[in-house]
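One chain is shown next in structure tokens, namely the form predicted on its own.
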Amino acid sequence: MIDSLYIAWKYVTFNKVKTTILVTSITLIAFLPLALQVLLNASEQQLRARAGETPLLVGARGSALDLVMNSLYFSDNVSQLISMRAAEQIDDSGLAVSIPLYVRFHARGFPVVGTSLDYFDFRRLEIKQGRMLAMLGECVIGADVAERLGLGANDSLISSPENLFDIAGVYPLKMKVTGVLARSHSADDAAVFVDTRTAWVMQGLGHGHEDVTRTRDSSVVLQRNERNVTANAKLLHYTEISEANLGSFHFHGDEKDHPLTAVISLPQDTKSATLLRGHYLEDKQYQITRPDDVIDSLMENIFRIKSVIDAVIVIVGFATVLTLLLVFVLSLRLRQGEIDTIFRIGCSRMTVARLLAAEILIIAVVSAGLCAALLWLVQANSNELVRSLILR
């Protein structure tokens, strides 16, 4: 058998193009369904784990899936916003503790998550470098953000405008990076965290400007008297918050009416969760949902689609096997002269069979090795692949 393997190896290495095509075909037809299963298992694990850690979500009436994906994975945008009053109502009920979320803006391609310090305790996020948020205009970044952008504590990060033609005059905010979070292997690794009030500044609900009573630029002053100074639109709006200008920043309107995308609700116990859900049964403005239920429904749809994909792969695989058999049959016809020579030197039909079996074995082993290597790469990077391909 060793002799047959040696001769077969020489043959497959000599016919490089044919061998490469066969190995590639077998590898792909075996790798694709297995890799899909690995990614689906990893996505299910991530989805269920993060949803299971989040008891209840309160948001505007609409798509529960959009609400969950926006609040847990910072991906889809919610169509309707709620206000800070929703969080205060939950706290006032005494049934749960609220964590506000405002996920709307981005910074260099990464979502900006406006929230409170309670969020970091809730998700068990720890600072690896630098310190936690302390004042308006500061941010902490996830491990992926720090790695991809090459940022660290005391660096700066500028938010991205919602559009290039913002007639409201909302300028990008230059934020100070105060800390980098330890890797959590979750959506938090690819997020920029700020205080909710900082997110409101990005929207233009809060701003700072020059002290017009002290400015020396007369072109910004429309009218001045003993009691009041009126400025025009030329007055400089800050795009960076520092200790020097922090006192000039203020918010217009009642902060209770300022927007949020969702509120994470942490009930005291099962009874409190049931009572709290009951408060929203007839509410036409808000909805309350259990992320577990939403993810269960999502996974059912995903696996239903996967079953269709599996059926397609089986059909394609069967066609590939028939094609490979056809290739081997045609190869035997083309190699009839070689086979006749083998018979003339005294070899039996069994020898020819062993040579062909050895060739098939070599191709199958090489394909299996490549398939195993690719699956190992997918498995090793499954968390990142799921976040970039499925949860983005």
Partner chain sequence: MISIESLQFAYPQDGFSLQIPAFSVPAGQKLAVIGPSGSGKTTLLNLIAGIYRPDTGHIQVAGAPVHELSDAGRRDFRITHIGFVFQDFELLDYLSVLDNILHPYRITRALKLTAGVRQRACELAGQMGIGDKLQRHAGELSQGEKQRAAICRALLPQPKLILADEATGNLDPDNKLHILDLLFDAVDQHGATLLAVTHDHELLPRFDRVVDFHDFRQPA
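Not measured: the values here are computed from a predicted model. Numbering follows the first chain given and starts at 1.
Below: the form predicted together with its partner chain, not depicted.
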{"query": "Contact assignment for its partner chain in the predicted complex, among Val365, Ile345, Leu326, Ala353, heavy atom within 4.5 Å", "finding": "Ile345"}
{"query": "Every residue of Ile7, Phe14 and Glu338 near its partner chain in the predicted complex, heavy atom within 4.5 Å", "finding": "yes"}
{"query": "Listed range touching its partner chain, judged in the predicted complex by heavy atoms within 4.5 Å, from 345-353, 38-46, 22-30, 54-62", "finding": "345-353"}
